[in-house]
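Heads up, the chain below is alone and in the form predicted on its own; it's given as structure tokens.
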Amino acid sequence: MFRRNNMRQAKKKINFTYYVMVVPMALLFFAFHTIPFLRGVFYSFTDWKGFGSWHFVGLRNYGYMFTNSNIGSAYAFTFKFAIAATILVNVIALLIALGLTSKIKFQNTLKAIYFLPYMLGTLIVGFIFNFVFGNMLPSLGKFLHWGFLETNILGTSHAWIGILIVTVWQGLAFNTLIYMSGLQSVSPDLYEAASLDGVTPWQKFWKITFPLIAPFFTINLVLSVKGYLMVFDQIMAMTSGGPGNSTTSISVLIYNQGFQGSQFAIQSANAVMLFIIVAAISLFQLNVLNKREDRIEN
């Protein structure tokens, strides 16, 4: 009886202000995100071109995706780009975070410098590096007689490497910030005790630091894979998917063919498929990494 009264009192303590803050956001999310998504799922089962009349075609659009070489190439490029970007961003960001949380001079200044790219718009960064790759580096290459710099990399078959460099550079700030939060949560007493036992720096990192920041590693990995599988802005700003279709990601293909190629229904099916893939990979990662965290804690 006493417990029941306490539960009733706890329920009464919920402030109405919370509902005022949460409900409008939930309604806006439903109106501008959920409804368009459901409409996209609906049109993926039709032959609608973005205008005029439409008819139900069942799973025909989904079957078409497996026979179209452009869609297959876009998926191959996107997975290659996402894997490379995820590995590079997380390795470099962890190294930078380790450096910035150690006892070094100008620590705050360096933090500001590393965080600056995150404050710039992706399209602005893309256009700046378009000029760098197209004018500054070729001029420098000719001056130094370095052949590999004389050509604009964005116009070659290695254009994806140029996009990857810019994406990694801009993505480092966010991941570094999360890793720094994790590193600052590790108690210095553990390192002092390890030093007294004669533990080497590598052993400190592998046996103490990395297990304790495992949850932050999980967050970074899941967000990185999800974000890079949907890469769009960097490509549109730097190559628009070219040369040819060599840097066309799934998101770029959906935009180009869906809104400019009269394939609205087919690309709606493509978008639904991309959503399923991203959700499945994210859930798989969370499941595997959470089990790993549990093993470390036990």
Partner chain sequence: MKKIFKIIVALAGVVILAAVTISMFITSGPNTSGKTVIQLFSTKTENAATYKELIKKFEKANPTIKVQLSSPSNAATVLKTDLAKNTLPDVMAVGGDTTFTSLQSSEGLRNLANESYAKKTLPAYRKMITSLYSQKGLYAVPYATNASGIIYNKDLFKKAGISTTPKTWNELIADAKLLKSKGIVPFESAYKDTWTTMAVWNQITSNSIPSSWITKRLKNQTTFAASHQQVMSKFLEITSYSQSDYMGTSYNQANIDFAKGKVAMIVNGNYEIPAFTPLNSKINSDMFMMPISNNPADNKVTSGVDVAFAIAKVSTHVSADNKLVAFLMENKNAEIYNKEQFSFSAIKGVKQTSPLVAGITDQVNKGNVINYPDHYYPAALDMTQVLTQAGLNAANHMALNTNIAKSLKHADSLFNAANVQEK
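Note that the structure is predicted; figures quoted are calculated from it, not measured. Positions refer to the first chain, counted from 1. We call the rigid core whatever largest set of C-alpha positions still superposes within 1.5 Å between the two forms.
Beyond the structure shown, there is the form predicted in complex with the partner chain, which is absent from this document and is the topic of what follows.
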| query | If you check in the predicted bound form, is G63 within 4.5 Å of the partner chain, heavy atoms only? | reply | no
| message | Taking the partner chain as it sits in the predicted bound form, is G155 in contact with it (heavy atom to heavy atom, 4.5 Å or less)? | response | yes
| said: Check Y255 for me: does it contact the partner chain in the predicted bound form (non-hydrogen atoms, 4.5 angstroms)? | reply: yes
| request: Would you check, heavy atoms only and a 4.5 Å threshold, whether T122 touches the partner chain in the predicted bound form? | output: no
| Would you say all of L27, G261 and I266 touch the partner chain in the predicted bound form, counting a heavy atom within 4.5 Å as a touch? | yes
| request: Name the stretch, out of 95-103, 109-117, 129-137, 177-185, where some heavy atom lies within 4.5 Å of the partner chain in the predicted bound form. | output: 129-137
| message | Using a 4.5 Å cut-off on any heavy atom, which residues of 229-255 would contact the partner chain in the predicted bound form? | response | M238, P243, G244, N245, Y255
| query | Superposing on the rigid core, does the Cα of Y19 end up 2 Å or more away between the shown form and the other one? | reply | yes
